[in-house]
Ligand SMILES: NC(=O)c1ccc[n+]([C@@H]2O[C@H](COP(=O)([O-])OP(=O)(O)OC[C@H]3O[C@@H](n4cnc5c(N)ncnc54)[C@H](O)[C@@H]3O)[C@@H](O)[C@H]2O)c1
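First, one chain by itself in structure tokens, the form predicted alone.
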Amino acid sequence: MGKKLRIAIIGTGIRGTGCFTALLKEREDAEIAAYCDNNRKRAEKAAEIYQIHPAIYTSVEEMAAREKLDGVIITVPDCFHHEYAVKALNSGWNVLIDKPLATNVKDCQDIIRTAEKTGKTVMIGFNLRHHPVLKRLKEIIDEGVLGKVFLCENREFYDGGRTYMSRWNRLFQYTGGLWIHKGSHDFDIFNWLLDFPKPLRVTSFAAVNVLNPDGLPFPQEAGHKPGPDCSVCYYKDRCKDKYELSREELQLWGPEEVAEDGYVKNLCMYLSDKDNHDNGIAMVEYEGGLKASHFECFIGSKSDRIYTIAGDRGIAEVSLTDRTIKVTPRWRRDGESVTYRVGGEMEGGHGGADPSLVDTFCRVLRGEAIPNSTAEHGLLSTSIGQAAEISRREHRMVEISELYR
């Protein structure tokens, strides 16, 4: 097997721990050499939970002065991706950046320039590309079963998305907007499935229609205000949307960790200050007349990504939850529709996609593979998301070319 890969994780939230730490810990060819987090208490607690012994740093500069690393994984809030990616690349490290690449086109371009200057690799954590169902869908499209694709959509229902309004994800200043933070997954899937057509213009509509003070799902009693967070709320035992922290979250966001930086993870999702949406629709027009729409709904108990891909030879209807792809030929006889039931990797986050993502990164570090998600792909996805955010907030159609001026 050879020498173990030495990998550092920058950011010890749930992605940095529950995903990347958990997966790397199980590998025989890699070790978590270091944690870097400005909240030292949280990093120490993460190491304790996972029974590992990484060096712990509160700055990239300190880590660079002491560590020789093969790669780093960046899982800090989106607004810091650019800063930490540039520092990591300039320190001579290959980088996996959990999506998005950055929160705007300008910062994405700077990361790309830095990677070119340093000769280091940037891979993006677009884990959906590793999902067995979407990998099979891409094969079907590439095989020409659907013919020339001219229209596609994705409807995402994500019950867990409501907790965005309890966390840092609720604020534009940290995310660049949910069309980037969340939508970057889905815009990238469109781009990837269709061999990266050139996006021309974007329009979107989004709002907070449910998770606002008028939507509180319980009657209030005189003298008892709800909130400010689910742990102390008077109504926590009767609120159907109470955000109950997992056992791991209770440790990582315990009193000592919260005292370190003041960050509370489970604010009331109805009363919290927020400027991101709880639902929306974005539409993209690509060169050649190809059109795509992406629908996000973070309200309800349903969780699924449902794709429809229409080509001049057939239509594919896809459910990630059901793990099915139904293909209906354009000119069909009765019974000609074919339904593919996709097995494959089931264990691990995002339908088995996360373990494949980590495995690919390790193989890239060993020189056994090239990244299937590059910084250029991250730039393309962010450009669509940024245009969608501008469209939503300025109530107009946005030309992608505006972002490159």
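The model shown is predicted, which means the values in this text are computed figures rather than measured ones. Each residue number is its position in the shown sequence, starting from 1.
The same protein also exists as the form predicted together with the ligand; that form is not shown, yet it is the one meant from here on.
Looking at 112 to 120, 73 to 81, 283 to 291, 189 to 197, the stretch with residues near the ligand in the predicted bound form, meaning non-hydrogen atoms within 4.5 angstroms, turns out to be 73 to 81. Remark: none of the three candidate residues (His130, Asp159 and Ser356) comes within 4.5 Å of the ligand in the predicted bound form, counting heavy atoms only.
Taking the partner from elsewhere, Gln386 is found to have every heavy atom lying beyond 4.5 Å of the ligand in the predicted bound form. For the chain shown alone, Trp253 is a contact residue for the ligand in the predicted bound form, at least one non-hydrogen atom being within 4.5 angstroms. In the predicted bound form, the ligand stays beyond 4.5 Å of every heavy atom belonging to Phe150.
Proximity of Thr374 to the ligand in the predicted bound form: non-hydrogen atoms within 4.5 Å are absent; the residue sits far from the partner. Tyr263 is the sole member of Phe172, Tyr234, Tyr263, Phe295 with a non-hydrogen atom lying within 4.5 angstroms of the ligand in the predicted bound form.
Residue Lys99 is the only one of Arg323, Lys87, Lys274, Lys99 with a heavy atom lying within 4.5 Å of the ligand in the predicted bound form. Within 4.5 angstroms of the ligand in the predicted bound form, the stretch 167 to 202 places a non-hydrogen atom from each of Arg167, Trp168, His181, His185, taken in sequence order.
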